[in-house]
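In the form predicted on its own, a lone chain appears below as C-alpha coordinates.
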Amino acid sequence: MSTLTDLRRSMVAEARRRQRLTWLISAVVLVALPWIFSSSFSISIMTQIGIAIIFALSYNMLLGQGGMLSFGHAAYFGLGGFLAMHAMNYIADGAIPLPVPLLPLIGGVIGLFFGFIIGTFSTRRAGTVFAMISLGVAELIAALSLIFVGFFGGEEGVSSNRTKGPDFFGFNFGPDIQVYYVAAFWALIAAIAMFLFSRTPAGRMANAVRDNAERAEFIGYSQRNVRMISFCLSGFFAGLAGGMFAIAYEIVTEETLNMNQSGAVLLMAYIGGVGYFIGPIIGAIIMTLLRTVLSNFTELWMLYVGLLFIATVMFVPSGLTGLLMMHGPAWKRRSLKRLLAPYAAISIPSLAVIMGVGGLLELTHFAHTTSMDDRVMTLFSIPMNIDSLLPWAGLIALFIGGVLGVRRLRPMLLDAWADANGAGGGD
(Lines give C-alpha, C1' and ligand atoms only; values in the text may rest on other atoms or scores of the structure.)
Protein backbone atom coordinates (compact mmCIF):
# COMPACT_ATOMS: atom_id res chain seq x y z
CA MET A 1 0.00 0.00 0.00
CA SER A 2 2.83 2.39 0.90
CA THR A 3 4.48 1.72 -2.46
CA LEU A 4 1.31 2.65 -4.34
CA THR A 5 0.91 5.75 -2.18
CA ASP A 6 4.47 6.87 -2.84
CA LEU A 7 4.01 6.27 -6.55
CA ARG A 8 0.84 8.33 -6.58
CA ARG A 9 2.50 11.17 -4.66
CA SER A 10 5.42 11.09 -7.07
CA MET A 11 3.09 11.31 -10.07
CA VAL A 12 1.14 14.21 -8.50
CA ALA A 13 4.36 16.06 -7.69
CA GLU A 14 5.62 15.57 -11.25
CA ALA A 15 2.33 16.85 -12.67
CA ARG A 16 2.52 19.94 -10.48
CA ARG A 17 6.09 20.61 -11.56
CA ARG A 18 5.03 20.44 -15.20
CA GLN A 19 2.13 22.80 -14.53
CA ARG A 20 4.37 25.34 -12.78
CA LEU A 21 6.84 25.13 -15.64
CA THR A 22 4.03 25.67 -18.16
CA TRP A 23 2.79 28.78 -16.38
CA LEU A 24 6.33 30.12 -16.03
CA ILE A 25 6.97 29.65 -19.76
CA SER A 26 3.63 31.33 -20.50
CA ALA A 27 4.61 34.34 -18.38
CA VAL A 28 7.97 34.63 -20.15
CA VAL A 29 6.28 34.44 -23.55
CA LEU A 30 3.77 37.14 -22.60
CA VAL A 31 6.58 39.44 -21.47
CA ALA A 32 8.63 38.81 -24.62
CA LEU A 33 5.88 39.09 -27.24
CA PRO A 34 5.90 42.90 -27.57
CA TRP A 35 9.63 42.78 -28.23
CA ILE A 36 9.08 40.26 -31.03
CA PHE A 37 5.99 41.90 -32.55
CA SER A 38 6.68 45.54 -31.77
CA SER A 39 4.34 47.36 -34.15
CA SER A 40 1.40 49.26 -32.72
CA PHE A 41 -1.03 47.11 -34.72
CA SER A 42 0.49 43.88 -33.38
CA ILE A 43 0.41 45.10 -29.78
CA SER A 44 -3.24 46.11 -30.20
CA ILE A 45 -4.10 42.65 -31.54
CA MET A 46 -2.28 40.94 -28.67
CA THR A 47 -4.21 43.08 -26.18
CA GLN A 48 -7.47 42.00 -27.81
CA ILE A 49 -6.34 38.37 -27.66
CA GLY A 50 -5.67 38.70 -23.92
CA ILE A 51 -9.18 40.03 -23.32
CA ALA A 52 -10.70 37.35 -25.55
CA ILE A 53 -8.83 34.59 -23.69
CA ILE A 54 -10.30 35.64 -20.34
CA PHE A 55 -13.77 35.89 -21.86
CA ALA A 56 -13.57 32.53 -23.66
CA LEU A 57 -12.21 30.71 -20.60
CA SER A 58 -15.02 32.14 -18.48
CA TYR A 59 -17.52 30.78 -20.99
CA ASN A 60 -15.80 27.42 -20.91
CA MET A 61 -16.50 27.26 -17.17
CA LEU A 62 -20.17 27.14 -18.10
CA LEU A 63 -20.19 24.99 -21.20
CA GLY A 64 -17.04 22.92 -21.10
CA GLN A 65 -16.94 22.20 -17.37
CA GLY A 66 -20.56 22.58 -16.30
CA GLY A 67 -22.45 21.60 -19.44
CA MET A 68 -24.48 24.83 -19.41
CA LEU A 69 -25.04 26.19 -22.92
CA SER A 70 -25.50 29.94 -22.58
CA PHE A 71 -26.63 32.31 -25.32
CA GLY A 72 -26.19 35.43 -23.20
CA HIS A 73 -22.74 35.31 -21.64
CA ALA A 74 -21.90 38.73 -23.06
CA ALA A 75 -24.31 40.29 -20.57
CA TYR A 76 -21.79 39.89 -17.74
CA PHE A 77 -18.95 40.99 -20.00
CA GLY A 78 -20.82 44.15 -20.97
CA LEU A 79 -22.10 44.99 -17.49
CA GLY A 80 -18.60 44.61 -16.09
CA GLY A 81 -17.33 46.90 -18.82
CA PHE A 82 -19.95 49.58 -18.18
CA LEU A 83 -19.33 49.64 -14.41
CA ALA A 84 -15.58 49.74 -14.96
CA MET A 85 -16.04 52.63 -17.38
CA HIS A 86 -18.13 54.60 -14.87
CA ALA A 87 -15.49 53.87 -12.24
CA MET A 88 -12.84 55.15 -14.66
CA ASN A 89 -14.77 58.42 -14.95
CA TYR A 90 -14.88 58.72 -11.16
CA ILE A 91 -11.15 58.05 -11.07
CA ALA A 92 -10.58 60.78 -13.66
CA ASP A 93 -12.57 63.20 -11.48
CA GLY A 94 -10.50 62.29 -8.44
CA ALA A 95 -13.43 60.75 -6.57
CA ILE A 96 -11.87 57.27 -6.41
CA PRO A 97 -8.09 56.98 -5.85
CA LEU A 98 -7.91 53.61 -7.59
CA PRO A 99 -5.10 52.67 -9.99
CA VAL A 100 -6.30 51.92 -13.51
CA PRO A 101 -4.84 48.36 -13.59
CA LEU A 102 -7.23 47.36 -10.79
CA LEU A 103 -10.34 48.44 -12.72
CA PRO A 104 -10.94 44.90 -14.10
CA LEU A 105 -11.64 43.78 -10.52
CA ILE A 106 -14.60 46.18 -10.41
CA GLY A 107 -15.92 44.59 -13.60
CA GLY A 108 -15.36 41.17 -12.06
CA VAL A 109 -17.28 42.02 -8.90
CA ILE A 110 -20.19 43.36 -10.96
CA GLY A 111 -20.16 40.21 -13.10
CA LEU A 112 -20.19 38.12 -9.93
CA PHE A 113 -23.07 40.18 -8.51
CA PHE A 114 -25.29 39.81 -11.56
CA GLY A 115 -24.19 36.20 -11.98
CA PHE A 116 -25.47 35.51 -8.47
CA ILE A 117 -28.80 37.27 -9.09
CA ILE A 118 -29.46 35.62 -12.45
CA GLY A 119 -28.04 32.30 -11.32
CA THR A 120 -30.56 32.01 -8.48
CA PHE A 121 -33.27 31.14 -10.98
CA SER A 122 -31.43 30.12 -14.16
CA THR A 123 -29.37 27.34 -12.59
CA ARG A 124 -32.46 25.52 -11.37
CA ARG A 125 -32.68 23.89 -14.78
CA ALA A 126 -30.16 22.69 -17.33
CA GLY A 127 -30.12 21.84 -21.03
CA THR A 128 -32.52 23.61 -23.35
CA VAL A 129 -34.38 25.40 -20.55
CA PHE A 130 -31.17 26.97 -19.24
CA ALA A 131 -30.17 28.00 -22.77
CA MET A 132 -33.53 29.69 -23.36
CA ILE A 133 -33.38 31.49 -20.01
CA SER A 134 -29.91 32.79 -20.85
CA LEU A 135 -31.18 33.99 -24.23
CA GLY A 136 -34.12 35.79 -22.64
CA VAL A 137 -31.94 37.46 -20.00
CA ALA A 138 -29.45 38.57 -22.65
CA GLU A 139 -32.17 40.14 -24.79
CA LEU A 140 -33.65 41.84 -21.73
CA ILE A 141 -30.34 43.41 -20.70
CA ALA A 142 -29.56 44.44 -24.29
CA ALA A 143 -32.96 46.16 -24.52
CA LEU A 144 -32.48 47.89 -21.16
CA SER A 145 -29.15 49.26 -22.36
CA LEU A 146 -31.02 51.34 -24.94
CA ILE A 147 -33.73 52.38 -22.49
CA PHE A 148 -31.67 53.52 -19.48
CA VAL A 149 -29.64 56.06 -21.39
CA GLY A 150 -28.35 57.74 -18.23
CA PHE A 151 -26.35 54.68 -17.27
CA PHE A 152 -25.65 52.93 -20.58
CA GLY A 153 -25.25 56.06 -22.70
CA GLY A 154 -27.70 54.93 -25.39
CA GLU A 155 -26.28 54.12 -28.79
CA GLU A 156 -23.20 56.25 -28.15
CA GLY A 157 -22.22 54.30 -25.05
CA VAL A 158 -20.00 55.54 -22.23
CA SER A 159 -16.44 56.74 -22.75
CA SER A 160 -13.59 57.86 -20.54
CA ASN A 161 -9.84 58.53 -20.51
CA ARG A 162 -7.59 55.97 -18.82
CA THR A 163 -4.66 58.42 -18.62
CA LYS A 164 -6.54 60.68 -16.18
CA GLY A 165 -6.09 58.25 -13.31
CA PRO A 166 -3.29 58.36 -10.74
CA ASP A 167 0.14 57.21 -11.89
CA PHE A 168 0.92 53.59 -11.14
CA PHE A 169 4.67 53.30 -10.51
CA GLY A 170 5.21 56.03 -13.08
CA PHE A 171 2.89 54.59 -15.75
CA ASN A 172 -0.13 56.51 -17.03
CA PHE A 173 -1.24 53.75 -19.45
CA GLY A 174 -1.39 55.98 -22.45
CA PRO A 175 0.94 53.88 -24.66
CA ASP A 176 -0.53 50.69 -26.08
CA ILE A 177 2.31 48.55 -24.74
CA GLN A 178 1.42 49.48 -21.16
CA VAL A 179 -2.18 48.47 -21.76
CA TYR A 180 -0.95 45.21 -23.28
CA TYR A 181 0.99 44.31 -20.16
CA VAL A 182 -2.08 44.99 -18.02
CA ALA A 183 -4.14 42.70 -20.26
CA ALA A 184 -1.39 40.07 -20.27
CA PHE A 185 -1.16 40.16 -16.47
CA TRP A 186 -4.89 39.70 -15.97
CA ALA A 187 -5.09 37.05 -18.69
CA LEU A 188 -2.38 35.01 -16.97
CA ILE A 189 -3.85 35.47 -13.48
CA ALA A 190 -7.38 34.64 -14.67
CA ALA A 191 -6.21 31.59 -16.62
CA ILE A 192 -4.30 30.25 -13.60
CA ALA A 193 -7.27 30.86 -11.32
CA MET A 194 -9.73 29.13 -13.65
CA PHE A 195 -7.34 26.22 -14.16
CA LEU A 196 -6.91 25.79 -10.41
CA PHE A 197 -10.68 25.93 -9.95
CA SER A 198 -11.09 23.09 -12.44
CA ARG A 199 -8.86 20.99 -10.15
CA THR A 200 -10.84 21.73 -6.97
CA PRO A 201 -13.63 19.46 -5.66
CA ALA A 202 -16.16 22.05 -6.87
CA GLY A 203 -14.66 22.00 -10.35
CA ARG A 204 -14.61 18.19 -10.41
CA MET A 205 -18.23 18.07 -9.31
CA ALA A 206 -19.14 20.51 -12.09
CA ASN A 207 -17.80 17.90 -14.51
CA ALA A 208 -19.79 15.21 -12.71
CA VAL A 209 -23.02 17.22 -12.92
CA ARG A 210 -22.32 17.87 -16.59
CA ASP A 211 -21.92 14.16 -17.30
CA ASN A 212 -24.64 12.74 -15.04
CA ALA A 213 -26.61 15.12 -12.85
CA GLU A 214 -28.81 12.39 -11.34
CA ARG A 215 -25.82 10.36 -10.16
CA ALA A 216 -24.32 13.49 -8.58
CA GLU A 217 -27.58 14.01 -6.69
CA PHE A 218 -27.58 10.37 -5.65
CA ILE A 219 -24.19 10.65 -3.94
CA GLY A 220 -25.29 13.76 -2.03
CA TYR A 221 -24.37 16.77 -4.17
CA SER A 222 -26.92 19.39 -5.18
CA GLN A 223 -26.65 19.86 -8.92
CA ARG A 224 -28.16 23.33 -8.60
CA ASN A 225 -25.56 24.44 -6.03
CA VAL A 226 -22.74 23.06 -8.17
CA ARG A 227 -24.06 24.90 -11.22
CA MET A 228 -24.50 28.05 -9.13
CA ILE A 229 -20.85 28.09 -8.09
CA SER A 230 -19.64 27.69 -11.68
CA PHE A 231 -22.16 30.24 -12.93
CA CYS A 232 -21.13 32.93 -10.43
CA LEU A 233 -17.41 32.44 -11.01
CA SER A 234 -17.97 32.46 -14.75
CA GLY A 235 -19.78 35.78 -14.38
CA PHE A 236 -16.87 37.14 -12.34
CA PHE A 237 -14.27 36.35 -14.98
CA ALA A 238 -16.53 37.56 -17.80
CA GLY A 239 -16.91 40.87 -15.94
CA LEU A 240 -13.14 40.94 -15.42
CA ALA A 241 -12.69 40.67 -19.19
CA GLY A 242 -15.26 43.45 -19.65
CA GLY A 243 -13.32 45.69 -17.26
CA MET A 244 -10.14 45.05 -19.22
CA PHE A 245 -12.06 45.86 -22.41
CA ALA A 246 -13.01 49.24 -20.91
CA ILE A 247 -9.36 50.05 -20.22
CA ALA A 248 -8.21 48.99 -23.68
CA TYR A 249 -10.85 50.82 -25.74
CA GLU A 250 -11.90 53.64 -23.40
CA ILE A 251 -15.48 53.23 -24.62
CA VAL A 252 -18.21 50.67 -23.94
CA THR A 253 -21.39 50.51 -26.02
CA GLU A 254 -24.44 48.31 -26.32
CA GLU A 255 -22.51 46.08 -28.71
CA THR A 256 -20.45 44.69 -25.83
CA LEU A 257 -23.45 42.92 -24.31
CA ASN A 258 -25.65 42.02 -27.27
CA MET A 259 -26.15 38.70 -29.04
CA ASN A 260 -23.27 39.25 -31.46
CA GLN A 261 -20.80 39.28 -28.59
CA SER A 262 -22.42 36.21 -27.02
CA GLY A 263 -22.23 34.41 -30.34
CA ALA A 264 -18.57 35.36 -30.73
CA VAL A 265 -17.55 33.81 -27.41
CA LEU A 266 -19.53 30.67 -28.24
CA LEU A 267 -17.61 30.39 -31.52
CA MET A 268 -14.31 30.83 -29.69
CA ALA A 269 -15.09 28.00 -27.31
CA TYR A 270 -16.46 25.59 -29.92
CA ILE A 271 -13.83 26.18 -32.58
CA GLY A 272 -11.04 25.87 -30.04
CA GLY A 273 -12.57 22.88 -28.26
CA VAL A 274 -14.80 23.03 -25.17
CA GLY A 275 -13.57 19.70 -23.85
CA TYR A 276 -10.07 21.04 -23.16
CA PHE A 277 -8.86 23.88 -20.97
CA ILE A 278 -6.55 25.19 -23.69
CA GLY A 279 -9.30 24.94 -26.32
CA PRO A 280 -10.93 28.34 -25.67
CA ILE A 281 -7.47 29.93 -25.64
CA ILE A 282 -6.79 28.62 -29.13
CA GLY A 283 -10.28 29.63 -30.24
CA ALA A 284 -9.83 33.15 -28.83
CA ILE A 285 -6.56 33.58 -30.70
CA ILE A 286 -8.03 32.34 -33.99
CA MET A 287 -11.23 34.40 -33.74
CA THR A 288 -9.34 37.57 -32.84
CA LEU A 289 -6.95 37.13 -35.75
CA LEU A 290 -9.86 36.51 -38.12
CA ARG A 291 -11.68 39.60 -36.85
CA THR A 292 -8.67 41.92 -36.93
CA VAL A 293 -6.48 40.60 -39.74
CA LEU A 294 -8.77 38.79 -42.18
CA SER A 295 -11.32 41.61 -42.03
CA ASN A 296 -8.67 43.91 -43.53
CA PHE A 297 -8.58 41.79 -46.69
CA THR A 298 -12.21 40.81 -47.24
CA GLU A 299 -15.68 41.94 -46.29
CA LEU A 300 -16.80 38.31 -46.17
CA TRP A 301 -14.73 37.40 -43.11
CA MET A 302 -17.82 36.67 -41.03
CA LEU A 303 -18.96 34.22 -43.70
CA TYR A 304 -15.64 32.41 -43.47
CA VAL A 305 -15.94 32.27 -39.69
CA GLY A 306 -19.36 30.69 -40.10
CA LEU A 307 -18.01 28.13 -42.56
CA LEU A 308 -15.18 27.32 -40.16
CA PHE A 309 -17.68 26.83 -37.34
CA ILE A 310 -19.87 24.54 -39.46
CA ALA A 311 -16.83 22.51 -40.55
CA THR A 312 -15.71 22.21 -36.93
CA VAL A 313 -19.11 20.99 -35.71
CA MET A 314 -19.51 18.54 -38.60
CA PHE A 315 -16.03 17.07 -38.90
CA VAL A 316 -14.19 17.90 -35.65
CA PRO A 317 -16.79 18.11 -32.84
CA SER A 318 -14.04 18.23 -30.22
CA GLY A 319 -12.59 21.39 -31.80
CA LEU A 320 -9.15 22.17 -33.10
CA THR A 321 -7.61 21.19 -29.76
CA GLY A 322 -9.33 17.84 -29.97
CA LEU A 323 -7.89 17.40 -33.46
CA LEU A 324 -4.42 17.99 -32.05
CA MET A 325 -5.03 15.65 -29.12
CA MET A 326 -6.00 12.87 -31.53
CA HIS A 327 -2.32 12.68 -32.41
CA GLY A 328 -1.41 11.81 -28.83
CA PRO A 329 -1.11 8.03 -29.38
CA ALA A 330 1.06 8.53 -32.45
CA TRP A 331 3.22 10.98 -30.50
CA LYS A 332 3.71 8.47 -27.70
CA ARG A 333 4.61 5.77 -30.23
CA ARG A 334 7.01 8.20 -31.91
CA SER A 335 5.34 7.50 -35.23
CA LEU A 336 4.11 10.97 -36.15
CA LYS A 337 6.67 11.10 -38.95
CA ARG A 338 4.61 8.52 -40.82
CA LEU A 339 1.84 11.10 -41.16
CA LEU A 340 4.00 13.91 -42.53
CA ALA A 341 4.04 12.75 -46.15
CA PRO A 342 0.26 12.00 -46.32
CA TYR A 343 -0.52 15.35 -44.65
CA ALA A 344 1.73 17.21 -47.07
CA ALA A 345 0.16 15.42 -50.04
CA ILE A 346 -3.48 16.01 -49.02
CA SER A 347 -2.81 19.63 -48.04
CA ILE A 348 -2.35 20.58 -51.71
CA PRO A 349 -5.84 19.57 -52.94
CA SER A 350 -7.33 20.81 -49.66
CA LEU A 351 -5.81 24.22 -50.32
CA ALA A 352 -7.23 24.07 -53.84
CA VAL A 353 -10.72 23.47 -52.42
CA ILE A 354 -10.37 26.42 -50.03
CA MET A 355 -9.07 28.72 -52.75
CA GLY A 356 -11.80 27.62 -55.14
CA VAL A 357 -14.62 28.22 -52.66
CA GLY A 358 -13.12 31.48 -51.39
CA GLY A 359 -12.45 32.74 -54.91
CA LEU A 360 -15.99 32.03 -56.08
CA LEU A 361 -17.45 33.75 -53.02
CA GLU A 362 -15.21 36.80 -53.48
CA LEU A 363 -16.03 37.08 -57.20
CA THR A 364 -19.75 36.74 -56.52
CA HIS A 365 -19.62 39.41 -53.82
CA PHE A 366 -17.61 41.73 -56.04
CA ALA A 367 -20.02 41.22 -58.96
CA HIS A 368 -22.99 42.25 -56.79
CA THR A 369 -21.37 45.29 -55.18
CA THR A 370 -19.24 46.86 -57.91
CA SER A 371 -20.31 49.35 -60.55
CA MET A 372 -20.51 48.75 -64.29
CA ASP A 373 -17.31 50.76 -64.76
CA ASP A 374 -15.18 48.59 -62.46
CA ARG A 375 -15.27 44.97 -63.55
CA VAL A 376 -11.73 43.84 -62.71
CA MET A 377 -10.92 42.36 -59.32
CA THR A 378 -7.48 41.36 -58.06
CA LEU A 379 -7.76 37.94 -56.47
CA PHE A 380 -4.74 35.91 -55.32
CA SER A 381 -2.62 38.69 -56.87
CA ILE A 382 -4.20 37.94 -60.27
CA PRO A 383 -6.43 40.52 -62.06
CA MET A 384 -9.74 38.88 -62.97
CA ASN A 385 -12.49 40.32 -65.16
CA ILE A 386 -15.79 39.19 -63.70
CA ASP A 387 -17.50 39.54 -67.09
CA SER A 388 -15.17 36.91 -68.53
CA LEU A 389 -15.93 33.21 -68.27
CA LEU A 390 -12.30 32.28 -67.66
CA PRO A 391 -12.00 33.29 -63.95
CA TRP A 392 -15.23 31.52 -63.03
CA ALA A 393 -14.33 28.38 -64.94
CA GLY A 394 -10.81 28.37 -63.49
CA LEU A 395 -12.06 28.62 -59.91
CA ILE A 396 -14.71 25.93 -60.46
CA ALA A 397 -12.05 23.66 -61.97
CA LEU A 398 -9.77 24.39 -59.01
CA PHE A 399 -12.54 23.41 -56.60
CA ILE A 400 -13.52 20.23 -58.45
CA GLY A 401 -9.90 19.21 -58.89
CA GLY A 402 -9.27 19.75 -55.19
CA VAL A 403 -12.28 17.64 -54.19
CA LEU A 404 -11.20 14.80 -56.49
CA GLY A 405 -7.65 15.03 -55.14
CA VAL A 406 -8.83 14.84 -51.53
CA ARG A 407 -11.00 11.81 -52.30
CA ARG A 408 -8.15 10.08 -54.04
CA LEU A 409 -5.61 10.70 -51.28
CA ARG A 410 -7.99 10.02 -48.37
CA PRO A 411 -7.45 6.21 -48.35
CA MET A 412 -3.69 6.73 -48.22
CA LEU A 413 -4.09 9.09 -45.26
CA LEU A 414 -6.37 6.64 -43.43
CA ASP A 415 -3.90 3.80 -43.94
CA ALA A 416 -1.05 5.97 -42.64
CA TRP A 417 -3.19 6.98 -39.66
CA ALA A 418 -3.94 3.36 -38.81
CA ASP A 419 -0.27 2.48 -39.20
CA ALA A 420 0.85 5.35 -36.95
CA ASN A 421 -1.65 4.46 -34.23
CA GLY A 422 -1.76 0.68 -34.66
CA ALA A 423 0.01 -2.09 -32.81
CA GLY A 424 3.04 -1.84 -35.03
CA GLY A 425 3.14 1.97 -35.04
CA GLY A 426 6.03 2.37 -32.60
CA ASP A 427 9.64 2.19 -33.57
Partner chain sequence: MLEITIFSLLNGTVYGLLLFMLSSGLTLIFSMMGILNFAHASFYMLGAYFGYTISSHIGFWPGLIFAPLIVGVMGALLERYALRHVHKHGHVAELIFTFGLAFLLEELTQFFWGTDQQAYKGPSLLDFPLFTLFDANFPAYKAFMLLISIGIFLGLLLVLTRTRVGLIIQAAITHPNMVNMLGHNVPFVFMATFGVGTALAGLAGTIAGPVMGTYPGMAHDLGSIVFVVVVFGGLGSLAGALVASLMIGIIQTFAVGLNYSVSDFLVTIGVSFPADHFLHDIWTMTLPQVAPLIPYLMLILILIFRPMGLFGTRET
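Quantities reported herein were computed from a predicted structural model and do not represent experimental measurements. Numbering follows the first chain given and starts at 1.
There is another form of the same protein, the form predicted together with the partner chain; it is not shown, and what comes next is about it.
Just one of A95, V129, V293, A344 comes within 4.5 Å of the partner chain in the model of the complex, counting any heavy atom, and that one is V129. This chain appears without its partner; in the model of the complex, the one residue of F168, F151, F195, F185 with a heavy atom within 4.5 Å of the partner chain is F151. Partner proximity in the model of the complex, defined as non-hydrogen atoms within 4.5 angstroms of the partner chain, places exactly one of 24 to 32, 62 to 70, 370 to 378, 39 to 47 at the interface: 62 to 70. The closest non-hydrogen atom of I400 lies beyond 4.5 Å of the partner chain in the model of the complex. Although the partner is absent from this view, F114 stays clear of the partner chain in the model of the complex, with no non-hydrogen atom inside 4.5 angstroms. Interface membership of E255, defined by any non-hydrogen atom within 4.5 Å of the partner chain in the model of the complex, is ruled out. Put simply, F121 is close to the partner chain in the model of the complex: some heavy atom of it is within 4.5 Å. Scanning 133 to 164 for heavy atoms within 4.5 Å of the partner chain in the model of the complex gives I133, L135, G136, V137, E139, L140, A143, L144, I147, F148, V149, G150, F151 in sequence order.
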